[in-house]
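A single chain comes next, written as structure tokens; it is the form predicted alone.
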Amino acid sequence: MHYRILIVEDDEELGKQIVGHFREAGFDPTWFKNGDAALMVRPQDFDLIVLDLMLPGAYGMDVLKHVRQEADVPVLVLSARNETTDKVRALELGADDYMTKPFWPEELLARVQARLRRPVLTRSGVIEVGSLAIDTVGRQVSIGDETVELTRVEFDLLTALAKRPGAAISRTWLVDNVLDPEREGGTRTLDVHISRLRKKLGDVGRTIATVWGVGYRLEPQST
């Protein structure tokens, strides 16, 4: 399979280097050199996005917001900004990974390949992560042959985590996009729902990890 990779990077030499490594690895890279161009594409047309933050045109964080509003495609941020606040902000906005410059191209390629190998299968509206199967149309969850009864909020939380296994999903994003802050409360209520969800999933519930200072992550299960 030729994975389509979108690269948003304004550095000419670095961009050429990344494109070359990705082509050698069998990927199909598309390279844009400014944020405005990245806002014009459909992120769902790509399998993964490598995104710089300091771009001419639209700022990288704004591109990240746009991507997350449109699709669940994995996003790897590649930036010279190494402050913790930038990393946390990128994760809160939906980045799946964050690498700082300078970096080894081999490490970037390894991280991209690892992300693309995440054991997630989506077929006919069913998301599969290891033994966990989520029927997004019938709104049913099963572990192996056993059905798990979940509330609406628990189901939506699990689905949000399962769409991007291995990625840290911020509590703020989950509150804003899964809970109704006006009716269902904020982060404290979210933590209660996560606790109940873990219990209902039994042993699989332990794969919902807490990412301190950010939110939660569904760990990919070995099959």
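From 1 onward, residues are counted along the sequence shown. Values in this document were obtained by computation on a predicted structure and should not be read as measured data.
Beyond the structure shown, there is the form predicted together with the DNA, which is absent from this document and is the topic of what follows.
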In the predicted complex, which of the listed residues (Thr189, Thr159, Thr172, Asn34) lies with a heavy atom within 4.5 Å of the DNA? Thr189
Can you pick out, from Val153, Ile143, Leu116, Leu108, the residue that has a heavy atom within 4.5 Å of the DNA in the predicted complex? Val153
Considering non-hydrogen atoms and a 4.5 Å limit, does the DNA approach Ser195 in the predicted complex? yes
Is Leu179 a contact residue for the DNA in the predicted complex, using a 4.5 Å heavy atom cut-off? yes
Hey, in the predicted complex, is Gly202 touching the DNA, heavy atoms inside 4.5 Å? no
Heavy atoms within 4.5 Å of the DNA in the predicted complex: does Val211 have any? yes
